[in-house]
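Shown next as structure tokens: one chain only, the form predicted on its own.
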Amino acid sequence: MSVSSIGRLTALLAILFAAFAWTPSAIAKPFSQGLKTCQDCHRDEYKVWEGTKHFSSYRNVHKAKDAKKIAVAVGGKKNMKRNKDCVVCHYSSERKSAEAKPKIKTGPSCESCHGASSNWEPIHFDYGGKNVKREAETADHKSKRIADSKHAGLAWASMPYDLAVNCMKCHGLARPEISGEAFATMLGAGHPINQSFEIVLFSQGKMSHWLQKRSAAQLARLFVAGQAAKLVSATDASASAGADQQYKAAQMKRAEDAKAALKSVPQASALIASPSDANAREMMDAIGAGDLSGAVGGLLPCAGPDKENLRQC
């Protein structure tokens, strides 16, 4: 190899090394940093969260009927906070760095829904420089900040499908970190599954922390996003069920219920025919800011007997 070739190779390697060395967030697995990350700026939302079952879960969930029996069945440890299959849904952990040991601090909290913050937090709270306050942020910087934080893993309130996906992982017993066999064992040991879980009723009722009232069109899009996430998670979970018929039947029912709810949405035909995350996202892109309240309004809890449980109808 000539001297000039060696020089070019050395330069190329230096560039590649610099690219990876200076962009750790692009390759590092995100981790949760805990409530402190969010609560200083989102104080009103934090206060609402303190009145929810997600908050009280830390102190109460292990007292539920069959809790110890279920924990032992799936992991051998009756202490839920030390059982990895219990922790992922019933608690929030936090760590100071990627190398630090995670600590269980609360029940499900901000990052459970909006995504682990280690990669997006520095972007989300940068308004244009170290001394720039939120009110002084330029429109261009805000647009870029939102786009960059989304890319880094932050699920904003304006991303109903992404939020619904996170909800369905636990409320549909369909987390990818937990095998279908483990979920089947949970059901067999007495763990409940809420097949009728619906994100509008949940997010606008007991878990509501959106301070601005949602329009009928926004609620309809949230409902459709929730049904899409339910269909995809149920289909994937059913495929991972193995030989257990109880878990498979429960997931198939979730899938069929979601298909029935989506049948009046014209943009949902491809998703119904072939449930997948890609088709769900294509459907949501096709819907855009469209108003589906005429198509699915009658299915929203605001129109039924549960409306008294909602804060924003």
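Counting begins at 1, following the sequence as shown. Nothing here was measured: the structure is a model prediction, and the numbers come from that model.
The protein also exists as the form predicted together with heme C; that form is not presented, and the subsequent description refers to it.
Trainee: Would heme C in the model of the complex be within 4.5 angstroms of a non-hydrogen atom of every residue among 227, 286 and 289?
Mentor: Negative, none of the three is within 4.5 Å.
Trainee: Counting only heavy atoms and a 4.5 Å cutoff, which of 261-269, 248-256, 275-283, 44-52 contacts heme C in the model of the complex?
Mentor: Heavy-atom contact with the partner occurs in 44-52.
Trainee: I'd like to know if residue 238 sits close to heme C in the model of the complex, meaning any non-hydrogen atom pair within 4.5 angstroms.
Mentor: No, residue 238 stays farther than 4.5 Å from heme C in the model of the complex.
Trainee: Hey, in the model of the complex, does residue 223 get a heavy atom within 4.5 angstroms of heme C?
Mentor: Residue 223 lies outside the contact set for heme C.
Trainee: Would you please decide whether residue 109 lies within 4.5 angstroms of heme C in the model of the complex, comparing each non-hydrogen atom pair?
Mentor: It does: once heme C is placed as it appears in the model of the complex, residue 109 has a heavy atom within 4.5 Å of it.
Trainee: May I ask you to check whether residue 65 falls inside a 4.5 Å heavy atom distance of heme C in the model of the complex?
Mentor: Because a heavy atom of residue 65 falls inside 4.5 Å of heme C in the model of the complex, the answer is yes.
Trainee: Using a 4.5 Å cut-off on heavy atoms, which residues of 111-130 contact heme C in the model of the complex?
Mentor: Contacts from 111-130: 111, 112, 113, 114, 117, 120, 121, 124, 125, 127.
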